[in-house]
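Below you will find one chain, with nothing else, as structure tokens; this is the form predicted on its own, and questions on how it binds or moves follow later.
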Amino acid sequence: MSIPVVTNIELSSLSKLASGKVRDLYNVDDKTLLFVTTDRISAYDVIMANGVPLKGAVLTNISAHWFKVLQERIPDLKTHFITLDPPAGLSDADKELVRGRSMQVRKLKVFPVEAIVRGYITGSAWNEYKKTGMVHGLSMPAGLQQCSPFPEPIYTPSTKAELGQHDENISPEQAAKIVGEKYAARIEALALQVYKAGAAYAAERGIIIADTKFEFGLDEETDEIVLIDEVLTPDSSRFWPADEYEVGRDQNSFDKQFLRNWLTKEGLKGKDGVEMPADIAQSTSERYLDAFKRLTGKSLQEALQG
């Protein structure tokens, strides 16, 4: 597939509002944004110097797929997704730049927390549990093993840091102080509901969603909580192959854990300006593409042509 690795995009026909670790946001009109997903990749809150082939297209199209699936499974769910079509006013040159990697979304007030849901104990949660028997300050049952499922999925929010800063794990009570008591319980309940629906769908396709993070916004006209940003992607989630799953050890994964493991092994965790070797970037791309095909039933090429 002849799509170049794109780590920086500048559109001439729209004004840029913000640039994040992976996405650039452009203003379309008073109610609409254009989300453009680059091939940038971050790990341990640091953006790598080079990108991952086809990553932006995978994240965009898998999110669009999930928005459709989740609304089918949770009929009253509201999302910010409008269309994968580029805005009418985009120049031909800009349309080519964003082809396959952009979506139009509703403009909403963003809640400044990451709504993390964990179904299995791994990563930072496992490290905390080994030391304290707790996760995000929440007491957990004794005797959990690495990568074992929690009795029920748990909500463990974090702060949503500015670019270059680190997200911090917080308790649901601290999250309520940030977003307001009025919305905190609704965000928690919705995050758990969306995770369970997504995990059930993925399980039917041989993938375990160990944990994920959601973002939510507020439709101030209707006072509704809305699912925004990317959803259940290999960037925002840990995906494990169900047929290889085994409690008590690290799991193979379809996400950027492969990159994290390489950084840790090479002593590069948290360091700026790291360039991935070509084989690490390519292997990460292949994992993302594999997850895409398993979850959507199509190759990325088929999805882009469709």
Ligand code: ATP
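Remember, it's a predicted structure, so these values are computed and weren't measured experimentally. From 1 onward, residues are counted along the sequence shown.
Not on display, but discussed next: the form predicted in complex with this ligand.
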(request) Heavy atom within 4.5 Å of this ligand in the predicted bound form: which of 22, 9, 14, 291 fits that? Just give me the one. (result) 22
(request) May I ask you to choose, among 160, 73, 95, 186, the residue with a heavy atom within 4.5 Å of this ligand in the predicted bound form? (result) 160
(message) Even though the partner isn't displayed, in the predicted bound form is residue 228 close enough to this ligand, meaning a heavy atom within 4.5 Å?
(response) yes
(message) Taking this ligand as it sits in the predicted bound form, is residue 207 in contact with it (heavy atom to heavy atom, 4.5 Å or less)?
(response) no
(message) With the partner left out here, check for me: in the predicted bound form, does some heavy atom of residue 33 sit within 4.5 Å of this ligand?
(response) yes
(request) Answer with yes or no whether residue 213 is in contact with this ligand in the predicted bound form, where contact means some heavy atom within 4.5 Å. (result) yes
(message) Quick check for you: of 86 to 94, 188 to 196, 149 to 157, 100 to 108, which stretch puts a non-hydrogen atom within 4.5 Å of this ligand in the predicted bound form?
(response) 100 to 108
